[in-house]
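Form predicted on its own, single chain, as structure tokens, below.
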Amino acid sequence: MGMDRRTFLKLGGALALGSLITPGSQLLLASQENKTGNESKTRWAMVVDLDKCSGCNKECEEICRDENNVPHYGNERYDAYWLRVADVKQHLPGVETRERHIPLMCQHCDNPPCVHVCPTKASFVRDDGITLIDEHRCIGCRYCVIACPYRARSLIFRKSDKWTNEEVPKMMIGVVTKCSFCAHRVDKGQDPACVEKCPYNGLIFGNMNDPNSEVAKIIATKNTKILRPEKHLGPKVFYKGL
């Protein structure tokens, strides 16, 4: 019986992964990845000001989809996402119930578990700290989807004709996708689409290694928090008002 290329790569990746896991040892799959950005002059980060986020009918989700050709099938089983807004209600004794809208996306960690578990090194970190996926290397094993504590990755299950932005390739079936900080825009000196089009300026993007950048100044005030700090992953998305 014949075996197609994707099945062959999946089996090869699984065998390679198994050979690297030994009792009491750590996974060594990311040994050839780029530096995380700590040693680079540029280290991109985002600040989400929750006091300014109104939810605005989750328009940022659609802005992100249109910019990056992220498919939406109207079925939660198949829908992919790069950015999603969680609606959270805060209940405190003696205090009026408060609803918060929390934009969630890839956190572009300094120590990303998704990169460490990738058997084909399809997931990698650029020198400027942006975590990306090489779709031509991805075999759809979903190890990274499971490893990500932020649920920031999706597998493209079905074909999509969505191609609203010709500067970005169509999504490939059978590969994992996620927020890229709109790297195609950042490389041209532009902000990510969600940042540029947020009507309330609730998203701020910049170089956290530049002390004069707005992002660096906000982080320096120590009035921001990160998600899942107990994981010690060094996420580069900071939340003000969390």
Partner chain sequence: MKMRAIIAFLAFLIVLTLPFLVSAGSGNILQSVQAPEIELPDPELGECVEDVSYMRANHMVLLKEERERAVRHGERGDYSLSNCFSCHTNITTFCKRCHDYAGVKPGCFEIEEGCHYAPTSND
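Residue numbers count along the first chain shown, from 1. It should be emphasised that the depicted structure is a prediction, and the values quoted were computed from it without experimental measurement.
The same protein has a further form, the form predicted in complex with the partner chain, not shown here; the description that follows concerns it.
Pick from Met105, Val117, Cys148, Ala122: which has a non-hydrogen atom within 4.5 Å of the partner chain in the predicted bound form?
Residue within 4.5 Å of the partner: Ala122.
Among Glu196, Asp187, Asp51, Asp210, which has any heavy atom within 4.5 Å of the partner chain in the predicted bound form?
Flagged contact: Asp187.
Quick one: Arg126, His136 and Pro169 and the partner chain in the predicted bound form, is every residue within 4.5 Å by at least one heavy atom?
Spot residues vs the partner chain: full contact, yes.
At 4.5 Å between heavy atoms, is Arg142 in contact with the partner chain in the predicted bound form?
So Arg142 does not count as contacting the partner chain.
Should Lys159 be counted as a contact of the partner chain in the predicted bound form, where contact means heavy atoms within 4.5 Å?
Yes.
May I ask you to state whether Ala183 is within 4.5 Å of the partner chain in the predicted bound form, using heavy atom distances?
Ala183: contacts the partner chain in the predicted bound form.
Is it the case that Ile173, even though its partner is missing from this view, gets within 4.5 Å of the partner chain in the predicted bound form, heavy atoms only?
Ile173: yes, in contact with the partner chain in the predicted bound form.
Partner absent here, but in the predicted bound form, which of 149 to 157, 128 to 136, 72 to 80, 105 to 113 has residues with a heavy atom within 4.5 Å of the partner chain?
In the other structure, the partner sits against 128 to 136.
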